[in-house]
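Two versions of one and the same chain are coming, encoded as structure tokens; call them structure 1 and structure 2.
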Structure 1
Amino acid sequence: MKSKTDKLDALRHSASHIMAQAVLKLFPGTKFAIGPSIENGFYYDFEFTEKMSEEALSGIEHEMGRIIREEQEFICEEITKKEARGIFGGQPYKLELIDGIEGDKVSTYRNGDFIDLCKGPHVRNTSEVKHFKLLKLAGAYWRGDEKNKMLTRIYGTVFPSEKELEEYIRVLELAKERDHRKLGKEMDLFSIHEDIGPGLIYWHPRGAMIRKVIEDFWREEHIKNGYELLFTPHIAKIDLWNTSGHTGFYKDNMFSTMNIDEMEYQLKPMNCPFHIMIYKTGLKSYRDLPLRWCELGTVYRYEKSGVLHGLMRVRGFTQDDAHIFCREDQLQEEIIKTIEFVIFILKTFGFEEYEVYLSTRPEKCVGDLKMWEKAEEALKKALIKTGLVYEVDPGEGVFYGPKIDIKIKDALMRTWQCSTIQVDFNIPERFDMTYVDNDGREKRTIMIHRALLGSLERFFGVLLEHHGGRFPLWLAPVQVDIIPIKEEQAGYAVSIMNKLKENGIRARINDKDSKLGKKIWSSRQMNVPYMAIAGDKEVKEGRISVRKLTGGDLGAMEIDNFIDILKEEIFLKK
């Protein structure tokens, strides 16, 4: 019996074929490439003979509707490569795919007058694809290689019912409103200057304040949890990256080297080799372990221009990195502590739902198989002990060890990969990392890589969209806007601001506009959690009228009472 996921995958895959069929009907001479099902939908890549715009999508949808009403049956056929080359003679992308298929035969699916290279699965006939919507156009390099031709990708979605489709479209509209690039500009949080460096983030004062609050919290909690802080350089000689294996396994994501004193230096793509160099500055005893070292370390990775996306995909970013150096008998306990720490941190930022995966040994790997088994068992037992529901992701561990990935769900129920816990056998071997055990013999150190937030930039983008720009009070860059109704109350407003600041509250005076309504509107636009309004009555009574962004009018109160409310909310991080 097919699972619900399998059926949905077949539905989406079928929709991509119907879309390609419609495109070829409406735009003769179009070259078509690939069209898989993806999470929440499907896409197909085309090379058009004319420039396409999103206005064309409605026409394509109309033609798809005609094909669907014809109830065309999806028929699987296995043909020889020679026959396939004859069928797809004018389609260079299909011919390239045929050449890459092993064996003498290829699988195809036919519906109506349309045929495509395909292994399936598909629905029985086109009439089952009823509830669909084409979403947008995008550029996509053939085979994801920027050296190849740029194709036009059409995205769409399809669901078994009209209700599910409508709900998905509703969430998409909400996502547009919450887009971190849009909110970042409206709230004056950050900018990206493509003309002088794509993928590099400029933090504005308000965004930098939120980042400072995040970093302060991060460092304080790490110290409480037995971590020690590190700071390391941004570059090193290429020899370090040769030893770590990055030049062999990761070269395509590294920037070009620079020549300094006739020697090659490399911008760091990772922090781990630097932490290892600190570890190796002195002999370590079994009594010294575990060592928990953490760093908010900025790294630089070359990402293709086509995949850069606001804060989510950048070229320079700060990892909330940590490495735990431990003995084999300490491994499980350290993993448990790390999982508990991850959950505490994520919940504090408002993330309550997760998808958890245990990724096991891939085909190509390094290290002793017995050690892999021990590490996987330690990860599994730690997940069970912490009570997290998880799925095993067979063969998806990294080449140097198994890992746990925790994907958070945001307010729109989208998943984001942030937290990871990885056991590493490779780097300790490459750098000959050891400790002296209680029997006087040298033993190999085990290394755990872990990130709680991932990168600060990406996590900030996720956090911004999760809260829709309405950060909880403890994170808000400005916590209180003090609004004098008239110029006569300006002095009183200053005294209120000073008292708030004396109590650690981030406050400012909003007096740029002359009218009260505009002042209130501008505070709401900037998502300031509280407004303290001062008019003649408030000055006379020594009070303020308080409005909450998410709670309406709280009425007049004394400033000390207001401060108590703010402090409690900040303490609770709600």
Structure 2
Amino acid sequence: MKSKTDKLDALRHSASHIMAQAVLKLFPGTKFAIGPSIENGFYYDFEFTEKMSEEALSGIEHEMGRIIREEQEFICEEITKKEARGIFGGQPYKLELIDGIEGDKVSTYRNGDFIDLCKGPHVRNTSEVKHFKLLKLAGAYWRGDEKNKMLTRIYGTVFPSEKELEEYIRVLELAKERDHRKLGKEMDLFSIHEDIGPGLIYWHPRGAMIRKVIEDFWREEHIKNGYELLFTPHIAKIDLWNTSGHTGFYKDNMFSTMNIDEMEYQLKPMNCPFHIMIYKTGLKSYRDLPLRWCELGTVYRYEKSGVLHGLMRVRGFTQDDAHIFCREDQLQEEIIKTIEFVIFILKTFGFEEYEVYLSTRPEKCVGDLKMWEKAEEALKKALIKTGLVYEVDPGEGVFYGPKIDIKIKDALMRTWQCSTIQVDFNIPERFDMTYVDNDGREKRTIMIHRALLGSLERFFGVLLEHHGGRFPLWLAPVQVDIIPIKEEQAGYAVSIMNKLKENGIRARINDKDSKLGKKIWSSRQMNVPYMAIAGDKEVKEGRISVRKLTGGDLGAMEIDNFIDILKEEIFLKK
């Protein structure tokens, strides 16, 4: 397994060299920076002397083809830094890289007339790079730092076989097809009004229905799992945010304050301080803990204009937030329970695969080191106990504590950050949160912040793309479209609809179009899971003809029989 990915990496890395070689040939004077292999391909960053456009890509591809046909060998050479500086004299980015390398030798790879500073490995010969394609052009900062110069990045991909390349391009097209912004419009689920406020979501009736089903399920399961529900305001005086530390460490992400009665108020970017206020309304005994308080809390965060993206990255969103207040001896168990709860919820929504990350203390943070270590240790232990495979993401924690992030893998194997579990020793300190222990002394409360779905907006977007708009029956906003063939069956259609509604099924009559074929087509366009078709024959027999979006014609059946099928499928949440 490992060697296979290494081989693919070498192939992609080699392709990036060939691309750089082609670019330098076609555009002399271009400075080249770095060109690694990445998850689905490779890129190379350049500083061009003139403006580049995507039209240039096919020319570069052509030149690459020529290099490949020349069957140039990749040759590794160890040279001294001094020699390297000579070779890359006109290449400032390479010189900077050489300076950053330890020791006084560097390795280079040469093929044909092209040489690059590179630790390899590569394939043996350019002819091995057969099935490649350049994909797009984009800006990228030198060394990924926004203070640095912006370079031009060319993305490409290469696979060992034509079949795999085609498959990858097919997945890219599929992803475009099921883009949640496209489906959201087509299925009339939500909208964003750029002129009225970018990054703010309007849920239409069908989208709102899905959200309602998600929320109902979420609340029910939380209550079952020992949580209690909260509702808190959307604004608070700035003092609260000074205490929590947000004005210091989260300022860039907050909307500006508003002045009310000479006082500064702040729109909330997080829910935690509000939950803490509730905690502090009374003395808590060690017997009260753990307290598990959850809220579908809407928060507003300022996001830079360029990062907004449909439902995935917005400025106003509802977190499925909860805070668990507990004693130190309860911490481990609570984290484990939370992890298990996350997995259960995600599985129910059809997500079976995850990537788990443990993010540790960032540079900008509050609290002392010991507390951070304690918190990181607690998360790590819990992960080990649950047996989940995880990776450490150093420095990626939140300013008040480390976290476990669970990223969902969707149907197209893309990952999405949704769930997060954060241990926090710091904010309880800042708010002086305590409980009275069994020895009568006050002890510091520990807090876990967690969101399972992350934000309802993002989760909905992921869910939409994961299912490609074909929601499982329990989530579908309209579960059954009733299609009368002629106007004479209108009354019968209404009676069927009422019967379904009485049984808690979301049914609608589709009689807008004139032809049966068109009605079926339009129901399919909206991804309605079931159609119940009624014509003369069905009315006479007191039945309906059932058609399934994913299963074709199921034939005629009694309405009660149909209801049983629907109820079973809804119950199973499949």
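Counting starts at 1 and follows the sequence of structure 1. In this text the structure is predicted, and so the values were computed from the model without any measurement. Definition used throughout: the rigid core is the maximal C-alpha set that superposes within 1.5 Å between two forms.
- Between structures 1 and 2, only structure 1 derives from the form predicted on its own.
- Rigid-body analysis on C-alpha atoms gives a rotation of 20° for the smaller part relative to the larger between structure 1 and structure 2.
- Look at residue 44: with the core superposed, its C-alpha moves 6.9 Å between structure 1 and structure 2.
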